[in-house]
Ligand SMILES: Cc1cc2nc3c(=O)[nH]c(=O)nc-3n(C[C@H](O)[C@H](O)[C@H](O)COP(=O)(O)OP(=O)(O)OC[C@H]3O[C@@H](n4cnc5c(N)ncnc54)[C@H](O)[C@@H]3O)c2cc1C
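Okay, so here's just one chain, in structure tokens, the form predicted on its own.
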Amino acid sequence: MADKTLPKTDVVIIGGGWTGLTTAYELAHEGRKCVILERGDHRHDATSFGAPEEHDELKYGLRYTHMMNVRENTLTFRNSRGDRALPMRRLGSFLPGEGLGGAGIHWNGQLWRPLPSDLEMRSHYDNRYGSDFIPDDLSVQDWGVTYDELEPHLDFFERICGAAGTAGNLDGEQREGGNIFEGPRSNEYPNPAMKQPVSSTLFGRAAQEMDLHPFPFPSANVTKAYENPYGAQLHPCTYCGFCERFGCGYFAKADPIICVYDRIKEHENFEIRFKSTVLRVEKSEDGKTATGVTYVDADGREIFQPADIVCMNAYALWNVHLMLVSGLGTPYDPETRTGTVGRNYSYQTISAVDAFLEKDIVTNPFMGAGALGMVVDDYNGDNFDHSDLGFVGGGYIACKQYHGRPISYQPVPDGTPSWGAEWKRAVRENYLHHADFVIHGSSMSTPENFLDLDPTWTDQHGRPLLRMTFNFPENDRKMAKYVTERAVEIAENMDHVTSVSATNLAAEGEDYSVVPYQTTHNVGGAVIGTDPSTSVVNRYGQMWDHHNVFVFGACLFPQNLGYNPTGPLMGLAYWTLEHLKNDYLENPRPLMDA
């Protein structure tokens, strides 16, 4: 029983990141009273333009000031059902955000679109290779939404961010210099691509000589003065190297505070309550709708906030956890492979290549940005023939220059000791002469990778912790080995390269670990689709079982792409909001196709 019940609001929104603030902006301007409940506190990453307050590598890059505090909120982890799950006591493999703006504050700004075949993966592979091509141990499925349906919303979000890049497919016409594999764009990027450093320029030349198709990262690190459709002012990137894990003090990296919150915070239909942890979504007596949410406020009181519509806009993992503790939907049971909430959790398959250059080639790694570099997409998705490879999916290969920060950036060749005078000498000799590659691979969903409630461990509110069961599928190990080998080939063909080494935990047979950082791209667990037996929400983001609950974020992905998730999840968000505004508000009901 809550300590207090508040007056009903039109919409209650759980989480104040990209999707939560955008939902509030769009619905407040439709005349709906919106209340956001944000677990973290207020913050602003650009309080004094010109003074780089965020340029503190120890505070933000290694002590994770912008990220979730695992002493207060965490999960348990195991590799397989036979293992005992233990709580994650330190941040490592992934870094969920906390506070105003969520993880959208410390993202690096890579702004991708999904490939058309990514959204129809099951049917695409069936049609191209035959119905028995996808291995039986994968639970890959279509999203239920096509690229053409999402394209206007992907385009709009790029304009919200002032995205910088070069179109590779404009109205169906392939254009060199951009990603020729991407789906058709209705418009060119709002801003020109970023300037490229020495390392990625050498990479691009080598890739072209190998008949590959290099192009610059699609970037939310803005390249010229820009005003977005909401009226936010963005400034040109300074290439300072403080993007990923940091907010941008220059208004140069698009984020949800600058692009959305500052444009909605004074609106009469908008309210945000900080330090408000949602405990559960409450349901009506017949269970068909939600009546609101119960949350703990900053003073520790349990408050019930009634609402006509509940929007779940928390980070992917926490949306799933909240569904499970609230009894929303049917939990997934890996034994019977029935149920949907927690099903199809997947991650990302990352590997790296280091290329060391001749000493007269200076790369100046401290001149970086979160989405600075050149990419080849020839081995991503189904852009290459999989017939005889024994796996599905792929990944992009990029030569990137994110940063040269002194604590974290210490490139040394294979065989160098990990400490001592020889290590220090190697860092000094190689710091300015290094090309840094990432292989950013897809992650296929399997019946044995899932999220559920832990039977042993509870949080400070007495709720079971979320339990993650995950290991790299054999499919993804094969994919990572193949694509990493292609990356090594590119590195070895670059001019001025003296040595090349690769690191690939998945392909080397290592179990997945939550300890070393890999990527904050957790997806699935509340997936979108057209079949209630394999999805939590319909293709409009509306829960099958509770029509006034709408779900946002990467938890909707049925499997992970080879790309960073922000672009696709925001394309889905605007798609859902279009139908919520135009089809649902005036006539609340389950949304069905005609």
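Throughout, we count residues from 1 along the sequence that is shown. None of the values given here were measured: they were computed from a predicted structure.
Separately, the form predicted together with the ligand exists; it is not shown, and the next lines address it.
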Item to complete: With the ligand left out of view, choose which of 318, 470, 143, 189 has a non-hydrogen atom within 4.5 angstroms of it in the predicted complex.
Response: 318
Response to the item:
Of 569, 70, 28, 35, the only residue with a heavy atom within 4.5 Å of the ligand in the predicted complex is 569
Worksheet item: the ligand in the predicted complex: within 4.5 Å of a heavy atom of each of 204, 352 and 495?
Response: no
Worksheet item: Could you tell me if residue 535 has a non-hydrogen atom within 4.5 Å of the ligand in the predicted complex?
Response: no
Discussion item. Even though the partner isn't displayed, in the predicted complex is residue 576 close enough to the ligand, meaning a heavy atom within 4.5 Å?
Written reply: no
Worksheet entry | the ligand contact at residue 244 in the predicted complex, heavy atom, 4.5 Å | yes
Discussion item. Considering non-hydrogen atoms and a 4.5 Å limit, does the ligand approach residue 107 in the predicted complex?
Written reply: yes
Item to complete: Specify the contacting stretch among 504-512, 318-326, 159-167, 448-456, defined as having any heavy atom within 4.5 Å of the ligand in the predicted complex.
Response: 318-326
Worksheet entry | Heavy atom within 4.5 Å of the ligand in the predicted complex - qualifying residues of 491-524 | 517, 520, 521
